[in-house]
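Both blocks below hold the same protein chain, though in two forms, and each is given as structure tokens: structure 1 and structure 2.
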Structure 1
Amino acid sequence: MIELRNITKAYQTPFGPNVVLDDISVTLPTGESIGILGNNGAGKSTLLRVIGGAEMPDLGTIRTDGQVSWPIGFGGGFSGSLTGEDNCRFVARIYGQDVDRVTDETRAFADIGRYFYMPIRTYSSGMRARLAFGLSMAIDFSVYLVDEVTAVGDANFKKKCKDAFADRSERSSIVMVSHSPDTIKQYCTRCAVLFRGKLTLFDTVEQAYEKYEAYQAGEAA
């Protein structure tokens, strides 16, 4: 269960404060996997970073039971000058895990060959995503925060991701953000919509999608 209470976050811009998350109070049940739909710039990634504890909200509290992953995407979390292997060792250490086991499992899952021993800055975004995903799978989280990571990568990698989540659906669930309802449908049973700083949870992906469409139509009008 992830309980958000009065979560508010704004960024300063030259045009005044931009309220990205506006007093959100929602409880996300983590027994099932939840998708969060939102347009580009709706604040999806910010929401994940706040849930994951990477950034602090301006106001409000978050309560989680079980260990929540860092937001898994192809963006932050790796240092470019270090090799994939060194980045894995660092993450394994801060999570108090067996360094060699995590490194071996990540290398096997990411399947990026010799790039594993090369600096991250030489990676393509697909390779970064593979490494990030493999690394998070090597550490047992009860909730995985996924930031469009499955959108990159080839069909083979996508299948691998799906299988990996299916394997651990008993003990782990997903909170996934995406602007694509199709992606969310593949992984999630419930869905929320993030629109103008407000998060609304729906019972089915279809209901969420209808609302999402309606919002978009409203924006366009």
Structure 2
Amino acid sequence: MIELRNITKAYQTPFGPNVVLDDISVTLPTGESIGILGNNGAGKSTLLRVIGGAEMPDLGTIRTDGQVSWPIGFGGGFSGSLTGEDNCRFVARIYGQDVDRVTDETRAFADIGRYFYMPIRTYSSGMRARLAFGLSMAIDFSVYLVDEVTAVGDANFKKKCKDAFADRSERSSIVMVSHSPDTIKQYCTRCAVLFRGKLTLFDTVEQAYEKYEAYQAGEAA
């Protein structure tokens, strides 16, 4: 269970505050995978970072009854002065995991060669994402937070990511944000729609898609 209560998040712009999450109160059940549909710029990635604790809301609280991942592929929590290996060891200790196992599995999954033993600040954005994805897969979370835009690398690496998701979804829940209903249908059993800062949860992906299309039509009108 992920319970959001009165979650509000805004960013200052030259034109005033841009409220991307507007007093959201909703409970996302665990034991099933939840999709979140929304247009580009709707605040989906912000919502995921807030749920995962990578970014704090301006107002509101979040309660969970399990261990929730950071957004898959998000490397913002890495220390740039430490090597990839050192970052993996540090994170494994925080989550009470077997340090050597997590480090070895991340190194094999990320497949970034000798850069694994070099400071994070020398990485490209793609290498950081590969390391973050591999580290996420090496730790057993109750809920995995997934942003579709974090898919990086060549076709072989993307297939490896897809296979890893399929494996995790058999024993863990997923909260996935996307603007693609087809992606949501592939992984999720229920779906919510994020529109103008408000999040509405539906019983089925089909119901959410109908509402999403209605919002799209209204925006175009």
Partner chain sequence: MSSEENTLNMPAAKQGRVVTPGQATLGRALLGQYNVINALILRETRTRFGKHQLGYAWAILEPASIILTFVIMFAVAKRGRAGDMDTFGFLATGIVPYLLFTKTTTQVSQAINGNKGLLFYPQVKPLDVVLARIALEFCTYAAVFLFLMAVNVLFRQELVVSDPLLVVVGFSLASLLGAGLGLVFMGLGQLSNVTERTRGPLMRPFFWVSGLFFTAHSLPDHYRDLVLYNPVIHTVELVRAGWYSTQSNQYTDIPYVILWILGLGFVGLTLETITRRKIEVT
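Every residue number counts along structure 1's sequence, beginning with 1. Quantities reported herein were computed from a predicted structural model and do not represent experimental measurements. Definition used throughout: the rigid core is the maximal C-alpha set that superposes within 1.5 Å between two forms.
Novice: Looking for the form predicted alone among these two structures; is it 1 or 2?
Specialist: Pick structure 2 here.
Novice: Taking the rigid core as reference, does the Cα of Leu48 move 2 Å or more between structures 1 and 2?
Specialist: The answer is no, as the C-alpha of Leu48 shifts between structures 1 and 2 by less than 2 Å after core alignment.
Novice: Once you overlay the rigid core, does the Cα of Ser169 travel 2 Å or further between structures 1 and 2?
Specialist: Yes; that C-alpha moves by at least 2 Å between structures 1 and 2.
Novice: Rigid core aligned, does the Cα position of Ser142 differ by 2 Å or more between structures 1 and 2?
Specialist: No, the C-alpha position differs by under 2 Å between structures 1 and 2.
Novice: By how many angstrom does Arg121 shift at its CA between structures 1 and 2 when the core is held fixed?
Specialist: The alpha-carbon displacement, core-superposed, is 8.4 Å.
Novice: Cα of Ile94: shift between structures 1 and 2 in Å, core-fitted?
Specialist: Ile94 C-alpha displacement between structures 1 and 2, core-aligned: 3.8 Å.
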